[in-house]
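So this first bit is one chain, no partners, the form predicted alone, shown in structure tokens.
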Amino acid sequence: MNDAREELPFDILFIGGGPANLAGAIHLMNLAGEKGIELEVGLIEKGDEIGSHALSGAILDPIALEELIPDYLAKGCPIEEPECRDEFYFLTRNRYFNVPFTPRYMHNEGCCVISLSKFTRWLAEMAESLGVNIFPGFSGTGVIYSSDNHRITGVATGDKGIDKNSHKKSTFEPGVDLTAKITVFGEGSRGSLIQEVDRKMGIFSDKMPQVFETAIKEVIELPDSNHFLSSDTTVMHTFGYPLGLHTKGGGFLYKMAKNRISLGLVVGLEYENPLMEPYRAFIQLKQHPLIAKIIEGGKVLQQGAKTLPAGGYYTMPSLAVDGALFVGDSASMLNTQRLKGIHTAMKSGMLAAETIIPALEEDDLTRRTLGKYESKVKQSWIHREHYAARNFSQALSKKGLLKFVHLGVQYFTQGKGVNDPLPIEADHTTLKEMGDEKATEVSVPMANDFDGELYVDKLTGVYLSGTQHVEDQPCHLIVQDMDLCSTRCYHEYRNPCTRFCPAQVYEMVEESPGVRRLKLNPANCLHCKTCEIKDPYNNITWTCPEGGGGPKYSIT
């Protein structure tokens, strides 16, 4: 058994196979080709293939795609619905009201509906045709630094074939040290490696707290006779029920090809009620008369969950350090106001590529040259979008009608609002303890809600996500203090991890009267990282499991 780690050098290394890095890699190869520069470019992805961890609504503003691949339709870009015709609804428990006024930033003219998993696989084909070396099934588990710790020089991938007791199995394969002149981090929401970089280099220091939303989504196949398939509407957004006006978030429903729709609910993780359960709220949305009528007779084909970086402009980190750049959701590029982030992610990757070429030509890989990426972002339409929405997420976090006051003022002041910047709280600090008047049940139990086809429970949803992990491997969910879970957390919050996790990873087992134990089911994990974000004690750390594990999305 060979235990030695090999080093695999690249000129440029991309961490993550999402739209930001794929667009960046394509643009980089095109620019290098124009200048006659030969580059060895690598891209790693922790999913077992590109697209298997890609989950989104997804409405695509094609502005960045048109810049990157002008003839994208001729090249077979997978479009589910070429036009977006919007409807916007306010929901009460049993009624719905079509909102006659849709804010300008929510208009989707010129946009299209896509499957992000299909879209990223198509981008990967474009990248590979240009010579990018793509390695799916490899998880980055640590950042490599120069001897003086001042410069990032690559990423270490995790060992494979380690059992749950940290012993090497007969299938053991040591990880690889992937070194590069420049490393581009595009891990997606709440990236583990970018958090490591922050602890060493402080890229999020002096920024507002990172805040997130959890999205639960299904692709549902409708029968041929379904009335919604023949309607003109292709895009629906909802707010109000089941979240009410105190919790940020809302529903979406997008028409797809082949009699399919994309249905989901986004829940802001700054919610206060420890008994809140996003999955339960999602089922309630499906049962609402407006939605239930549309999806009647349907069948869930695929389900998944992810977190979204919702903080925006004031939460973006420093975008460059010596030897590295940060793109896409890792760098809080999502525009919460427009409910879109694919186009901004792609553009950030392209701007990173435009920064890398001059840095290589000057043979200067420090922040002096790589910092020009930040200037490029500020001079681009990414900045114009983000600056106009700089206080939007904070306004949505306000309670009741006060949020509409803030949103109205922002609408007429181009994002400035009442205060600039509006403060925001970290998600793990907002839960109210049990006994507080706000800690009340927000919904009825889900008894008899599931039929196994259109309404599925959490475990069926995990099955439909295709999620698989090697069972005999170290648990990638590190609970620092298990005793805290069965004592203080139970009494103060009734173990909210058992509710905010959309995949039933966490269970409280009563071993004897009054004696409880937290049971982990890490094989169910959808890699959404809600647990690490929302845990009120910062007692949970999400680490990367063995490469190739997790969801296997194909049509989301």
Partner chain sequence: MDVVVLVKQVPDTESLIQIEGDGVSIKTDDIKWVMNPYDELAVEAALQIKEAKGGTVTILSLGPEKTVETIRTALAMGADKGVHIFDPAADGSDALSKGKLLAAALKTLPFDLVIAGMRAVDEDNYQVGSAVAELLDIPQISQVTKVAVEDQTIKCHRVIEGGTVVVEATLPALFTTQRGLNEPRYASLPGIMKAKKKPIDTLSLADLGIDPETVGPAGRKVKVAVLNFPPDRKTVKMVDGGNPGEMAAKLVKILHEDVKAI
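Predicted, not measured: the structure shown is a model, and the values here were computed from it. Numbering follows the first chain given and starts at 1.
There is another form of this protein, the form predicted together with its partner chain, and it is not shown here; the text below is about that form.
A.B. asks: Answer with one of 479, 301, 245, 409: the residue that has a non-hydrogen atom within 4.5 Å of its partner chain in the model of the complex.
C.D. replies: The option sitting close enough to the partner is 301.
A.B. asks: Of these, 368, 164, 258, 293, which has a heavy atom no more than 4.5 Å from its partner chain in the model of the complex?
C.D. replies: After the contact test, the surviving option is 258.
A.B. asks: Kindly confirm or deny that 171, 546 and 555 each have some heavy atom within 4.5 angstroms of its partner chain in the model of the complex.
C.D. replies: Looking in the model of the complex, the three residues 171, 546 and 555 all sit within 4.5 Å of its partner chain (heavy atoms).
A.B. asks: Out of the stretches listed (510 to 518, 494 to 502, 43 to 51, 58 to 66), which one is close to its partner chain in the model of the complex, meaning heavy atoms within 4.5 Å?
C.D. replies: This holds for exactly one stretch, 43 to 51.
A.B. asks: Decide whether residue 486 counts as a contact residue for its partner chain in the model of the complex under a heavy atom distance cut-off of 4.5 Å.
C.D. replies: Judged by the heavy-atom cut-off of 4.5 Å, residue 486 is well away from its partner chain in the model of the complex.
A.B. asks: Quick one: does residue 313 come within 4.5 Å of its partner chain in the model of the complex, counting heavy atoms only?
C.D. replies: Contact check for residue 313: no, nothing within 4.5 Å of its partner chain in the model of the complex.
A.B. asks: Mark residue 239 yes when one of its heavy atoms lies within 4.5 Å of a heavy atom of its partner chain in the model of the complex, and no otherwise.
C.D. replies: Looking in the model of the complex, residue contacts with its partner chain do not include residue 239, since no heavy atom lies within 4.5 Å.
A.B. asks: Quick check on residue 469: any heavy atom within 4.5 Å of its partner chain in the model of the complex?
C.D. replies: Residue-level check for residue 469: no, no contact with its partner chain.
A.B. asks: Within 4.5 Å of its partner chain in the model of the complex, which residues of 221 to 239 have a heavy atom? Give them in sequence order, or say none.
C.D. replies: Going through 221 to 239 in order - heavy atoms within 4.5 Å of its partner chain in the model of the complex - there is one hit, 221.
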